[in-house]
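A lone chain, given as structure tokens: the form predicted alone.
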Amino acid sequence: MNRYLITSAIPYINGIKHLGNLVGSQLPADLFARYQRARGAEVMFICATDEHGTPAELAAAKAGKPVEEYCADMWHVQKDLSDKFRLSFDHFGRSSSARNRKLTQHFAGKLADNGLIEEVVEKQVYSNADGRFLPDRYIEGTCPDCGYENARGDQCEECTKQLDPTDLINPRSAVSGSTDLETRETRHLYLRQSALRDKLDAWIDSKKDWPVLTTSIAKKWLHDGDGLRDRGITRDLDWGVPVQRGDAKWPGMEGKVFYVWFDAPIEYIGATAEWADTNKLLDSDWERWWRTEKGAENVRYVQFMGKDNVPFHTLSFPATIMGSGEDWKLVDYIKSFNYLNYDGGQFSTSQGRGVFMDQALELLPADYWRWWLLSHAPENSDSEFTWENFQQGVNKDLADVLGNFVSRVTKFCRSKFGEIVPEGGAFGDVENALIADLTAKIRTYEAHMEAIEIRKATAELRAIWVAGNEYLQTAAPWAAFKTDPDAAAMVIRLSLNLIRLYAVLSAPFIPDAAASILTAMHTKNTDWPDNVAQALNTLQAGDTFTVPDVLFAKISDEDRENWQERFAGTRD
């Protein structure tokens, strides 16, 4: 498969995301997209902001802005930060787009035509002071399990227990703080997911290569308790996609909007259509990624997300796609992640706990964070960010191994041969052994990257860097130069080529450093090393280079201690 559709879970619009959010979806998705592009694949990498629902309305009210203005402003903030972290989206869209609105209404109409939408009268909390129904996140109160006083109507963030608004002790409106609440009846639309349970079950069973984390969560929702339940897809809110049946009004649903978890995944399709619009392309250009009859059968679709998003992407969104009866592309592989915790606790957007994307970039360039986060990706279990581990990872991997190799080779060459690739003789047995070792390691690295085994790929890449350092120590050109300058020149010629090879292999992880290395090597050659011996002869004798600035500065104990103290509390 040489065409990849890649999506990462779309982040809520309400505020700047923390490093746990970043490593749980967008960053590993970017790694995979960059790798596949480097191997020559055609890639469509899509993300967007999730702009509807309670979080957007509450955040806008807190900011004192109309929700439309707040979402537009925060889209620019999130887009700017994604650019600074070098997330290489082909398009970063908005779930409030006209494309997504039309697609959401289209899917709802098709589901209704196929008998998969049911109107249900249910009881919800109504605030007399606010003059409106309050969806779950608009209600706060004391958790009945742990006593946390700011639990939301859907979940207690302190103990993580799932809640209903009626479970809360001393409930109050999150909008006005009023306790003048009552229960009233309201009518909503439900997606009859239960009617598709067997079809979804068989589809998940067919995905033999999915991570255990993904399938176990999906199966739990399918079979635990009463099994897969029908799910409400509308809400009594002002901000969102108006409830319509395709282009037609939906009698009895006036003034309601589609629930954010119905319209948000559809934005993956919407954002791809936005990409076509932005680039003045035809509908056929985006449909070839999503409509199987128009070319999407030749696409491998890979999703990246945190484990809390798995139920919606293994069940609810596929139910929407399947239930439409149309030829839409279903996901082929879902890479899910556990949680990255922060220094003995949890990252939290609502509580401002941890390091956030903008703060991280105030301290260090993006590559430092990209490398550490990916090398500690919470794939098989939760992982933890500590400042000590971060310092150690940066200093030992980036500074001592990769940065040190680049510095030693280029500075030695400049001192003995000038900033020119020296000639030297032919490769000997030691060099041929290195080529064989690197070939095996690179093939292993590729296998891990193809399988999206991120920590294994990181470890193998580091081992490739280490192999260069070990070769340099064994060949010792500084000693050889005294008695056999040609031998020393050959070692340095190979090592300069190895620097270029490292840039190519490392670019998916640390794109800025890789670009700096290639610039210093005076080359634009980013050919993948399918043949390592050939790759190590790319830079020819007489080619020039420049000794680069320090690639990675070490983190001092003083800086680490200062940062640890600064981020010990919560964000202002």
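We number the residues from 1 along the sequence you see. Each form is matched to the other, and the largest set of C-alpha atoms that superpose within 1.5 Å is called the rigid core. Since the structure is predicted, the reported quantities are computational estimates derived from the model, not experimental observations.
Omitted from view is the form predicted in complex with the RNA, to which the following refers.
Asks: Just to confirm, residue 138 within 4.5 Å of the RNA in the model of the complex by heavy atoms?
Replies: Within the cut-off, so yes.
Asks: Is residue 249 close enough to touch the RNA in the model of the complex, meaning at least one heavy atom pair within 4.5 Å?
Replies: The answer is no: residue 249 has no heavy atom within 4.5 Å of the RNA.
Asks: Evaluate residue 227 for contact with the RNA in the model of the complex, applying a 4.5 angstroms cut-off between non-hydrogen atoms, and reply yes or no.
Replies: Contact check for residue 227: yes, within 4.5 Å of the RNA in the model of the complex.
Asks: Hey, in the model of the complex, does residue 339 get a heavy atom within 4.5 angstroms of the RNA?
Replies: Within the cut-off, so yes.
Asks: Could you tell me which stretch in 283-291, 439-447, 297-305, 213-221 has residues with non-hydrogen atoms within 4.5 Å of the RNA in the model of the complex?
Replies: Result of the contact check: 213-221.
Asks: From the list 389, 88, 178, 351, which entry has a heavy atom within 4.5 Å of the RNA in the model of the complex?
Replies: It is 389.
Asks: So which of 343, 145, 154, 167 gets a non-hydrogen atom within 4.5 Å of the RNA in the model of the complex?
Replies: Comparing distances to the RNA in the model of the complex, the residue within 4.5 Å is 154.
Asks: Go through 276-299 residue by residue and record those having a heavy atom within 4.5 Å of the RNA in the model of the complex; state none if no residue qualifies.
Replies: Residues within 4.5 Å: none.
Asks: Examine residue 398 after superposing the rigid core and state whether its CA is displaced by 2 Å or more between the shown form and the other one.
Replies: Result for residue 398: no, shift under 2 Å.
Asks: Please check if residue 136 moves between the shown form and the other one, taking a CA shift of 2 Å or more relative to the superposed core as movement.
Replies: Moves: yes, 2 Å or greater.
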